[in-house]
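Only one chain is shown below, in structure tokens, and it's the form predicted alone.
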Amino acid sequence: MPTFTSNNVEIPFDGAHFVPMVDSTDLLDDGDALRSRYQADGYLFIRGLLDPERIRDLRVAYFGAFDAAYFHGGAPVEAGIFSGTRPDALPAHGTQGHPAHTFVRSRSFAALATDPALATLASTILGGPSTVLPRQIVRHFDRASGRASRAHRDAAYLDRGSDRLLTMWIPLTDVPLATGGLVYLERSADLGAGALDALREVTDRPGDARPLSHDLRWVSEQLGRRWLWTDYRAGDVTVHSPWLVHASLDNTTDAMRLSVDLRFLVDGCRADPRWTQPWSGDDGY
């Protein structure tokens, strides 16, 4: 039985802990069906919503800003194949001077964040016109990163404004499970605070109440729910509720994981003020 890890904690890849995500691509032209599935499941997985060639161009722009020694010499830079050597003296991820900080302020990234296909999808699901929030995050993991997203709800990080919003997670590289794909806890959007509080008994961040636990096996077995997974391809889009518990696995491959987090809010609703400025890796949110 294969075993994966998240934050270096093992979780077996079996039917007791994992189940495939439902593909909702066939519902794109049926707004009522999309909303119904989103309300029932807390997420939607859409294959190939964005042009893979356009996503490739974004990878070229991002990876091309790093020292070439970061990438395996036998593959094109845009493939994002880790050489095993991380750049020296690189600022912390997303802080000023790091390529991610520059990337989210570029015209090409702005064109992605304001893509009409994304805005239309968000507005359809939320039931009214919606706009992407300015704080837009780029995540980048190589196999030396040594960390992954802990089990959490986005609502814990966006709790100073309206909850009439959603998250879009967009892989800019192919992200099979072993490359650290995002996973969702089935039927978790409706879980009460009591059930979630119990998960914090096992945490590597005891001073931070926002994440639930770094141990995905513990979360799954405590709640009797499985992690939803898929092998993502560049151009896919996943939409999830701010109340759905999710996390990611460790990247154990030579391929780097590059992805974008966008939040869309219904027009006229109050935005969390922390999300009204461009993201920086050291902004504390």
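Position 1 is the first residue in the sequence shown; the rest follow in order. What you see is a predicted model; the values in this text were computed from it and never measured.
Unshown form predicted in complex with a small molecule; subsequent notes refer to it.
Just one listed stretch, out of 214 to 222, 252 to 260, 24 to 32, 66 to 74, contacts the small molecule in the predicted bound form at the 4.5 Å heavy atom level, and that stretch is 252 to 260.
Among 105, 152, 143, 205, the residue placing a heavy atom within 4.5 Å of the small molecule in the predicted bound form is 152.
Proximity of residue 246 to the small molecule in the predicted bound form falls within the 4.5 Å heavy atom cutoff. Although the partner is absent from this view, residue 135 stays clear of the small molecule in the predicted bound form, with no non-hydrogen atom inside 4.5 angstroms. In the predicted bound form, none of the heavy atoms of residue 172 sits within 4.5 Å of a heavy atom of the small molecule. At the 4.5 Å threshold, heavy atoms of residue 139 reach the small molecule in the predicted bound form. Site residues 177, 179 and 233 are none of them in contact with the small molecule in the predicted bound form, judged by any heavy atom within 4.5 Å.
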